[in-house]
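Listed next as structure tokens: two forms of one protein chain, kept apart as structure 1 and structure 2.
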Structure 1
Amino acid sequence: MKQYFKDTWDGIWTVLIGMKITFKHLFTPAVTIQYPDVKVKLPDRVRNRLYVNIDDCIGCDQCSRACPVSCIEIETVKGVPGEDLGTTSNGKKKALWVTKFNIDFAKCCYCQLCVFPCPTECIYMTDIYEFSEYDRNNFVYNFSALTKEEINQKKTNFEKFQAEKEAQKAAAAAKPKTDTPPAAPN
């Protein structure tokens, strides 16, 4: 009987202690933020959606190889001699046309492993985190600046160049046979 009353008293008393704490918290400023209207200031190193500055990209494919989930797809076409591909902002000469640079953000795990190997620092993480879509296909972002016609042109240019080179090679290979003058009979 005594135990019963003690337990009841303990129950009430410890709840009152808890109530005192919650009562104190009534007068502390709220920590909740009204999200869509008010936003938290994100730190500088924040890791959200990737961005590729394609002007600086040399198409070296290192980010794609570093990616653990293979969400970066890169295709390149070699530039032909005489064509000016420009230089990157840190002075590297470009040798490849980046015809395809797709990142699938539905696959991306935001691990930042692609950012570190980039020699021109053209792929980096931004602070954009609100990019939900209704269709999953819309998560594939294309960063290549070339249009379809341009890509076709670059491809044909390179193929032509390749064919010419092949022809030259073939000619060069064929030439010595025909050109070598037969030993002059003396």
Structure 2
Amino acid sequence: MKQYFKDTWDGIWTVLIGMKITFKHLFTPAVTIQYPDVKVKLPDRVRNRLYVNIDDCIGCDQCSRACPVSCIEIETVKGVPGEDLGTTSNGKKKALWVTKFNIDFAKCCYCQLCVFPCPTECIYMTDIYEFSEYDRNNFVYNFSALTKEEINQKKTNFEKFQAEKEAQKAAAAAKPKTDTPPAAPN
């Protein structure tokens, strides 16, 4: 009988200790963040989604070469003479049309190695950290500002320019030289 009362008292004592902790936390303010409505402030230098300011991109391909997982694809077309491609925000004149600038975030390891070699600082990490998708193909982000028609036009213009340049070279090579000095008398 004595053991029965001791076991009963131990059970009640254990419940009281547990309830002490419960009552202590019942009257303290909550630290739970209501996530979709309230977001945590991120620390500086946090690595999240990449963003490319395509107006500042000169198509140098430095970021793509620095990427350890090859998630960045860049294609460019040279501008023809007389065509104004614009300048970057730091005053550097553009020489290439960026026809394709894709980043596959399903492959990206968020290492930030692509950010540092960029000479115009057009690629950088943002504070956006939530971007789930149901389809893996939706993780490929296209940052190019040109439409398919504009891309085809730029490629065609460059091909025409190259053809004209080759034709001028061929015409110059086929032209006989008339400026040869007269032969010296023997």
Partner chain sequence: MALKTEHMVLNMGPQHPSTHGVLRLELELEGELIKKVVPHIGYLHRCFEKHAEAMQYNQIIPYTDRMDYLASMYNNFGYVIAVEKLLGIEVPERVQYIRVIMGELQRIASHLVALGTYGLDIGAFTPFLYLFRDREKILTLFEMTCGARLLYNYMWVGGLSHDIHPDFQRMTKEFVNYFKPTIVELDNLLSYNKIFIERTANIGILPIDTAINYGVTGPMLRGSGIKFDLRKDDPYSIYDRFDFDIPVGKGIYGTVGDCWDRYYVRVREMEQSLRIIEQAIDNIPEGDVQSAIPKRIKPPKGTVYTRVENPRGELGYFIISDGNTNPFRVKVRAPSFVNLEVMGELCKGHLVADVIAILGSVDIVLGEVDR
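Note that the structure is a prediction, hence the values are computed from the model and not measured. Sequence positions of structure 1, starting at 1, serve as the residue numbers. Rigid core (definition): largest C-alpha set, two forms, superposition within 1.5 Å.
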Fill in the blank from the handout: Which block is the form predicted together with its partner chain? Structure 1
Practice task
Output whether K20 and K100 share a rigid part, with the chain modelled as two rigid parts between structure 1 and structure 2.
Solution key: no
Problem - Size of the rotation between structure 1 and structure 2 [smaller rigid part against larger, C-alpha superposition, degrees] - result: 22
Practice task
Taking the rigid core as fixed, quantify in angstrom how much the C-alpha of P29 shifts between structure 1 and structure 2.
Solution key: 5.1
Problem - C-alpha positional change at D10 between structure 1 and structure 2 - rigid core reference, Å - result: 14.5
